[in-house]
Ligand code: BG6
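Quick setup: one chain, the form predicted on its own, written in structure tokens, and binding and motion questions come after.
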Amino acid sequence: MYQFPKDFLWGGATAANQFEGAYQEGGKGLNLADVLPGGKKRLELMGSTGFDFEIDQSKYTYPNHEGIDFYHRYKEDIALFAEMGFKVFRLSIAWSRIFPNGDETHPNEEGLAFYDRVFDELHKHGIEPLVTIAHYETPLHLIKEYGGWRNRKLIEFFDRYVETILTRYKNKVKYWLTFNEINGATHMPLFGLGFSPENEETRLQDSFQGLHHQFVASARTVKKAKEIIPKSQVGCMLIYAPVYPFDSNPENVMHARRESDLFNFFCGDVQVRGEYPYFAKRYFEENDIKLDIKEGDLETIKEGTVDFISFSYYMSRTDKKEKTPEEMGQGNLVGGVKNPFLKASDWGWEIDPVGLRIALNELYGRYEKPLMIVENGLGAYDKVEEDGSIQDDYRIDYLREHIKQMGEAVKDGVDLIGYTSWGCIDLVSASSGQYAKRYGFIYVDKHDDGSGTLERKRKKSFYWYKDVIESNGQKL
């Protein structure tokens, strides 16, 4: 049997915009998630050009506005996390709760006080907070007035936000993540970079310029954290999907290699190694990308490398150089061709536990930094039985097989320090804006038609995960 480290950080993960609700309470300003509608239209808008960032309640619903009301129910939810035995809880701070427009000089005290209460409640139950500083929550004013992260001025605004929260929570938060799934930005700039491309011709140029600004902001965050909280640990956060060649055709093998380099390692190389990767020069030249790099930027990036690497893992990706639309599968931001050896979830995401072991070995082999899996889980339709129970054996099976592969990676020699299952309590899906796509160990009575009491119920997986944590991964 494999053995997880005795201080392994077991827990769960969420994002403010997907579960807090109270979108206009406590002085909070509007952010990106507040203008994204629920349902099928969301993905279409996220992938298109020219989204107007307006709320239109005559046409759409906006489930993020209410989320699951963690804002008012955090004590109840944290007590449930404690009952499962969480060692760590990943959450994000909503930037627009702290600076409602994003460019103010003074923060909103009500927003700061809310997170004080949350962190205090977590510590009361012996749970370590793991805080994502930016998780698809760019203040709407910074999007409309400045054009999102394309504009270098956002570095200055982010600096102010970061210094404010590091100073306020220096005695309450040790673990920090800078930008959520930072490498997804070139595929979906709306989410990570806070802008909708004006046209396809400018998408890559604008996206990589925005990423450069985030790299500088992330490095400055690391340096600032070491000043304010000397014992802090700051990580990057990647979306990771191993890329398999469809077959042994060398053209497809090389294509898969290049796709993996660009998607999985480009951002990691900058944030972990402190420099742009060797393959960036050719890619930039071939795609006519010309970065505006100011004096001192590269030195800042070199000096502000992260302490550990965190990542989301939901699926692997299979690809080939020439493909047809009929061959394509679904995916988390990026897809590939269908893999005949893998089954898929209700939303078409292929299920590949061994891919997680591959991901862990690839990341550790490249960087030799501690790793933390901060998102992994199964989005599925859950049914409440007549007796009130939720028999989600399919979720247990999914998580069990992934945790087994984590154990194999630990035996391989990977330095794995933690695991936070995504959506440990049901919340609003980021990609589809649905309540119906449930990930949690805790069921929340809220539905896509707006109905529901918000009552919390323990699923079968709740008790299973409690045993997993209690046995440090030995009882699966």
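Note that the structure is a prediction, hence the values are computed from the model and not measured. So that there is no doubt, residue numbering starts at 1 and follows the sequence shown.
FYI, the form predicted together with the ligand isn't displayed, but the following is about it.
Partner contacts here mean any heavy atom within 4.5 Å of the ligand in the model of the complex, and among 425-433, 62-70, 444-452, 403-411 they occur only in 425-433. With a 4.5 Å cutoff on heavy atoms, Tyr115 does not count as touching the ligand in the model of the complex; it lies far away. Although the partner is absent here, Asn264 lies well away from the ligand in the model of the complex, with no heavy atom inside 4.5 Å.
In the model of the complex, at least one heavy atom of Trp349 sits within 4.5 Å of a heavy atom of the ligand. The ligand in the model of the complex is approached by Lys437, whose closest heavy atom lies within 4.5 angstroms of it.
Though the ligand is absent from this view, in the model of the complex it lies within 4.5 Å of a heavy atom of just one residue from Asp206, Asp77, Asp392, Glu181, which is Glu181.
Contact with the ligand in the model of the complex, judged by any heavy atom within 4.5 Å, is made by just one of Phe311, Phe158, Tyr314, Phe215: Tyr314.
Within 4.5 angstroms of the ligand in the model of the complex, the stretch 39-67 places no non-hydrogen atom at all.
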